[in-house]
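First, one chain by itself: the form predicted on its own, in structure tokens.
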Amino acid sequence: MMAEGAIQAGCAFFAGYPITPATGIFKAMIDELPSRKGLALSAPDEISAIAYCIGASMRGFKSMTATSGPGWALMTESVQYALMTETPLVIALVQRLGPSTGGATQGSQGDVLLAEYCTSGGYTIPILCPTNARECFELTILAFTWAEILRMPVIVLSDKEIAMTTESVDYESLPQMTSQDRPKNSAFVEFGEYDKERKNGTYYFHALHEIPIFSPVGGSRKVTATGSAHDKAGTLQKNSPETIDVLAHLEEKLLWRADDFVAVKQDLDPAAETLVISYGISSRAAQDAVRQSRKSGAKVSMLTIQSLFPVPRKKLRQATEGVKRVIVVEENLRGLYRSVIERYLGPIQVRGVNKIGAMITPAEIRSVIEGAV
């Protein structure tokens, strides 16, 4: 369904390297994209795959790659290059049990921080996280919109269970969604003739939060696509004030719009004193546990987070109003996402339900819910 979502979003280029459990996305794109007016390549390795995708995007084509933990580790330098050059890109990252080669056919939610904090400087990278096949379709389309609007890489973070579990999807009921396209430079009209080459360059902005108009590499004007620190004209600089502004802009353009780039599902009980928060495959078990606990009389709310980053702070605040305790459910050893959101939950008691090597069951979550009530 990620492949179907990517194609419907207008993805015109895919490059990847087979790796469990992301190979299904790879195969679907290789099989389907060429027949739907796109180009799909089997790259010799993950580094080449993401480099091909960045190059295609720089020419103006919507592009995507797919990988899992070990391949992601190889891609991170190029992810930073895409960030620095403000190149739209969607990366499907399918988690498996780590570290290192780990368990290729075992599920996990252990790459949350590895995905988000892969950049020097800790720049925010948008991460969307589906819970089922239908959301794989919908959130992949949304990822392309976010990547194109923001001119930056966006990650669709799933896991082995979601990627390799067979689910029925009614294609007729799928929304006829499409993704937005990046604004492109077509003429020197916005800034007039003065300093026109500089001000119409692919990195030019007035305020830090503005997103520069895209100019394709190989187009009618020269584009300097450099991963080195640079000014608004793309000229290599070190610590000039303008260069520092460019670096600050890479973060500010997203944070200024953070409240608009949010996706959550809320099932809130106004009388609840307990809130369960989860994402991905674990949220399905959590939702079931919440339903069962309610039948037993527990007053409990549920928040499924589909956009892990930027952190949906307003939604967290709204969901925790009147709540005394929060339970965060995730399939990793120490509560990775919990360590991020705890700071936004104030004095509320926060507990985790964690596990590795197997999925968390509704019964395990329910025992914590009902033990906390």
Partner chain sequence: MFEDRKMETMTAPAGMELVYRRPSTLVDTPMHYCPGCSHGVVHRLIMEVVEETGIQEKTIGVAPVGCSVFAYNYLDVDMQEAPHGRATAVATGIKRVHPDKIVFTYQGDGDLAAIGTGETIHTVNRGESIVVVFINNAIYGMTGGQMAPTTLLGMVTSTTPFGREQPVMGYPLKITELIAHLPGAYFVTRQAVHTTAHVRKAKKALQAAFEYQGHNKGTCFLEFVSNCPSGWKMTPLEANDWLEKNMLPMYPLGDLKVPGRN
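Residue numbers count along the first chain shown, from 1. Keep in mind that this is a model prediction, so the values were computed, not measured.
Just so it is clear, the following notes concern the form predicted in complex with the partner chain, a form of the same protein that is not shown.
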Of 340-348, 40-48, 311-319, 325-333, the segment with heavy atoms within 4.5 Å of the partner chain in the model of the complex is residues 40-48
Of Ala248, Ala233, Leu174, Leu74, which one comes within 4.5 Å of the partner chain in the model of the complex, counting heavy atoms only? Leu74
State yes or no: in the model of the complex, is some non-hydrogen atom of Asn354 no more than 4.5 angstroms from a non-hydrogen atom of the partner chain? no
Using heavy atoms and a 4.5 Å limit, would one call Asn239 a contact residue for the partner chain in the model of the complex? no
Can you name the residues of 15-32 that have a non-hydrogen atom within 4.5 angstroms of the partner chain in the model of the complex? Tyr17, Pro18, Ile19, Thr20, Thr23, Phe26, Lys27, Ile30, Asp31
